[in-house]
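A lone chain, given as structure tokens: the form predicted alone.
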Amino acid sequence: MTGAIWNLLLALAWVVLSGDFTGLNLTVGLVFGYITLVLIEPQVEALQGYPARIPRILGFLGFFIKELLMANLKVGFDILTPPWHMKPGVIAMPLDARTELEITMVANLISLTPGTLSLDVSDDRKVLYIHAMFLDDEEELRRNLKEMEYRALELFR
């Protein structure tokens, strides 16, 4: 979190000192701030691990957008072409997420993806119950959801 705050402060300083208050200039400031933080990371203990976090976030965003697009196409195709191909069902997925924040993020990412909905978390917080619109291959669905969970949890580590 410290690295993100410093990056934002460096970007704001860039915008103020350049005198160009535009979104593009703020983006340029964020890039220059990031490069600066990458260069000084070995000397500043509070920045440890920050430079590796941005590529992970960008990689996750690319992965999630791809998953979102594929799920939208699958649901849209099923809605527009009779007969319906959906086979709805509920599965229990063991969670690797342990904290409230991690569980909430995983559950929300699953619910954001069309065709899946997080229903409940077990009392011991080790199992997430998920309703799936397409439960043709339960193992494949579970594998895809575990991949999403793994990638989301990588953002916290």
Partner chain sequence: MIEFIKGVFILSGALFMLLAALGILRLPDLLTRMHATTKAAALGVILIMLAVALHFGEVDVVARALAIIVFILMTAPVAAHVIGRAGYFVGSKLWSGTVKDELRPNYDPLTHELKSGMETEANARREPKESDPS
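Numbering follows the first chain given and starts at 1. Everything numeric in this text was worked out from a predicted model, so none of it was measured.
The same protein also has a form predicted in complex with the partner chain, omitted here; what follows describes it.
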If we test each of L30, L37, I103, I91 for a heavy atom within 4.5 Å of the partner chain in the predicted complex, the one that passes is I91
Checking A52, A46, L117, I57 against the partner chain in the predicted complex, the residue with a non-hydrogen atom inside 4.5 angstroms turns out to be L117
- Query: Could you tell me if A97 has a non-hydrogen atom within 4.5 Å of the partner chain in the predicted complex?
  - Reply: no
When the contact criterion is heavy atoms within 4.5 Å, does R142 count as touching the partner chain in the predicted complex? yes
Q.
Does any part of G19 reach within 4.5 Å of the partner chain in the predicted complex? Heavy atoms only, please.
A. no
Requested in this report: May I ask you to check whether L10 falls inside a 4.5 Å heavy atom distance of the partner chain in the predicted complex?
Outcome: no
Across 111-142, the residues having a non-hydrogen atom within 4.5 Å of the partner chain in the predicted complex turn out to be S111, L112, T113, P114, G115, T116, L117, S118, L119, D120, V121, S122, D123, D124, K126, V127, Y129, H131, A132, M133, L135, E138, R142
